[in-house]
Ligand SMILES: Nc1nc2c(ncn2[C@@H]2O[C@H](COP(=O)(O)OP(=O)(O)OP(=O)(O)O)[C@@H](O)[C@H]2O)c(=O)[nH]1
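Only one chain comes next, encoded as structure tokens, the form predicted on its own.
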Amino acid sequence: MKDYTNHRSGFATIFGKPNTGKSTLMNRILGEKLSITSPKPQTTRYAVKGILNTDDEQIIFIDTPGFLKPRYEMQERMAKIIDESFKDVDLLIFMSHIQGFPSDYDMELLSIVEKARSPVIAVMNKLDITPDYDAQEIIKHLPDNIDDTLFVSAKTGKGIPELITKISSFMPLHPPYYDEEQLSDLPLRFFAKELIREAIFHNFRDEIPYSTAVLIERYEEREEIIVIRAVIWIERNSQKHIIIGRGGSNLKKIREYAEEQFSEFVDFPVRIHLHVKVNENWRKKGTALKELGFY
């Protein structure tokens, strides 16, 4: 039996305003694309756990939705997800951009940081865009309970090894919480759903991505291929024609993107069948949100 006397294991929550690169950061640290990404804010809707395993430690990262003042039922549930992800963690990672810091939005989030019970570090992202920065000017705006501030590029990987070392220093001595081969505690059908959503975010602008949701109706692992049947919810009938496209052209783009990405993720052939359904105002319906996994 393996000796875990000197093994470190703990939880680290990544949070910040929308579109700061939280998902890109976790993917970079893990070396795997676990959280979906896009240039649009609030691509992430769920708390996604990603597990970094080495010989002597296990760090469970929690990638959270971008923090917003809720305007409708779904955003209220997302805010609840963020609140839950703050509880009983060993480290909070506050993330923002170097450029333009601090915005009013940042200062609002930092007022929450000041009340945190867990240790907190600040990660300032986009070093690739803003290589010339005044570290002290940034640090002076951070609350006193920030234990350290690191400057990184989640996109290029610059500063990431130093960040991992810093995060590791906050992890307590503890045996692994999860199997040491495990990358996440979420089922594969969750990642299939998310990659279909990512395809929508990449192919459409304006309100369309935010008006859509994806449900996996069937997930079947056959001997030679994984077959997935999914439904895309939209809120208005006019959006249905946009999502499908002329002759199904847009739906084909979504399907091909999701098949390629998920096949690469599972290293196995994938076939996805998509259909579109109008579910008016689903973002404001409690029953619909429960069906999507928001409680």
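No experiment lies behind these values; they were computed from the predicted model shown. Throughout, we count residues from 1 along the sequence that is shown.
Beyond what is shown, the protein has a form predicted in complex with the ligand; the following relates to that form.
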Which of 54-62, 258-266, 235-243, 23-31 lines the interface with the ligand in the model of the complex (heavy atom within 4.5 Å) | 23-31
Which listed residue (Lys49, Lys40, Lys253, Arg229) meets the criterion of a heavy atom within 4.5 Å of the ligand in the model of the complex?
-> Lys40
Do all of Ser9, Ser118 and Ile146 end up near the ligand in the model of the complex, with near meaning a heavy atom within 4.5 Å?
-> no
Heavy atom to heavy atom, is Met107 within 4.5 Å of the ligand in the model of the complex?
-> no
Contact label in the model of the complex: Asn279 to the ligand, heavy atom within 4.5 Å | no
Would Glu137 show up as a contact with the ligand in the model of the complex if we use heavy atoms at 4.5 Å?
-> no
Would you check, heavy atoms only and a 4.5 Å threshold, whether Ala154 touches the ligand in the model of the complex?
-> yes
Which residues within 122-158 place at least one heavy atom within 4.5 Å of the ligand in the model of the complex?
-> Asn125, Lys126, Asp128, Ile129, Ser153, Ala154, Lys155
